[in-house]
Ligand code: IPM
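First, one chain by itself: the form predicted on its own, in C-alpha cells.
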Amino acid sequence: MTKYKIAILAGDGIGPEIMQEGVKVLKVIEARNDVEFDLVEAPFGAGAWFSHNSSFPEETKKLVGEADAVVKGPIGLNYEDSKKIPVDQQPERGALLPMRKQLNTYANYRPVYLPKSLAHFSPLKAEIVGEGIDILMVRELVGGLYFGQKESGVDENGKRYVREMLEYDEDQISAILHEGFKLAQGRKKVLHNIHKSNVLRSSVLWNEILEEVATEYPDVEVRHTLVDAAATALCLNPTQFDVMVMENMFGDILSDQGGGILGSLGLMPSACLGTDGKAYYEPSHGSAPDIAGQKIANPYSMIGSMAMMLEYSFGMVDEARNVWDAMQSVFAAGFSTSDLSKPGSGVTMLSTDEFGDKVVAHLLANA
C-alpha cells in the first residue's frame, strides 16, 4: 500500500466548510484503492494569526515541507477585519507568498472549463459559449511584480511614494514556458503566448526566450496575443483559446476573468506545481466571509483541486477523471447551490454538504 502525507490547510471563511467536502471525496478514493491518505491539519491564514500570532506558523511550515502534497482552502477576511492584522502578516503576504517561495511552486494550472450542458452558468450568450469552454491557463507563480523588491516612503519633496520592481530571469521564464509547451503537446498542440511586449521590457525578454524554447517543440503552434487583447477576446470569443501561458500578474488577472466567463470563481480549481515533486492545490476563489457558516458555498473548486492533486501528485489519472465526472453529474441532474444559481433558475438548490454527498454517491455508484 502506498501512503501519502497530505497537509490540510483549511484557511478562513468558507474554507473549512468546503475542505470538509473535499476530504469526503478523498476517503472514497482511499477506500477503493491501494493507498492511504494521512491527512494532517494545520493553521494557515488569518485565523492562524489570531490563534498563533502568525499567519504561517512554524509548525505549518514544517508540515508543508514534509508533505507529499498540500491542499489549501481560501484565506483572508473582510476589509475591516483585515486591518486588525499587521500589513506584512496579512494572509496573502504573510502566508501565501512565503509558502509559494518555500515550495518553489512556479507553475500554476487553472482550468477554465464549462461544457455545453452547463452553459447556463455563464453570463455569455449561448452562441459565444458554443460547444463549451475548455481553456488551461498556465501562470508563472514565483516571479514578477509580486516577488520583486519593494520600497515605500516619503521623498525629498515630502510626497509619499511606492516603488515595486518586476523581476524575472531567463531560467524562471524558460521553466514556465516548458510547462506550457508540454501541456499544449497533450492537447491541441497550440500555445497562446500572452504578453505586453509593446510596453514592457520584461515581455520582450519573455518572447525572446519563448522563441528559443519553441525550437524544442516543433509540433506546437505558437499564437501571440497582447494581454489587453486577450482580456477582450476571452469575452468575445473564448473558444479560440486552449493552453494560455503568461507571467504572474497577467495570470492572476486573466484567470479571475476566466472565472467570470464561467459564471463564478467557484468553478475554478487550481494546481500549483514546484520542483522536487512539491505542490499545493487550492480553489481560485476567495474566502467569502459574508457567507461563511451558511453552508451555501459550492465545494466544486475544492473537490476539483483535490482531483488535480490525484492526477498531478499521485498519478491517479482515472480516479481524477471519476471525480470530475461525479461533480458534473450533480449539475447535469439539475442541482446547484445558491452561490452559483439564483432562485427561479430551474435548478434544485443544495447545501454545501448535500452537494458533496451527491458527488460521493456518484463515485460509489460508479466504482
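In this text, residue numbers run from 1 along the sequence as written. Here the structure is a predicted model, which is why all the values come from computation and not from measurement.
Another form exists, predicted together with ligand IPM; not displayed. Remarks below refer to it.
146 is the sole member of 121, 113, 168, 146 with a non-hydrogen atom within 4.5 Å of ligand IPM in the predicted complex. In terms of contact with ligand IPM in the predicted complex, the residue from 184, 96, 194, 135 that brings a heavy atom within 4.5 Å is 96. Contact here is defined as any heavy atom lying within 4.5 Å of ligand IPM in the predicted complex, and by that definition each of 92, 100 and 252 is a contact residue. In the predicted complex, at least one heavy atom of residue 284 sits within 4.5 Å of a heavy atom of ligand IPM. In plain terms, the part of the chain that comes close to ligand IPM in the predicted complex, with a heavy atom within 4.5 Å, is 138-146 out of 81-89, 196-204, 138-146, 220-228.
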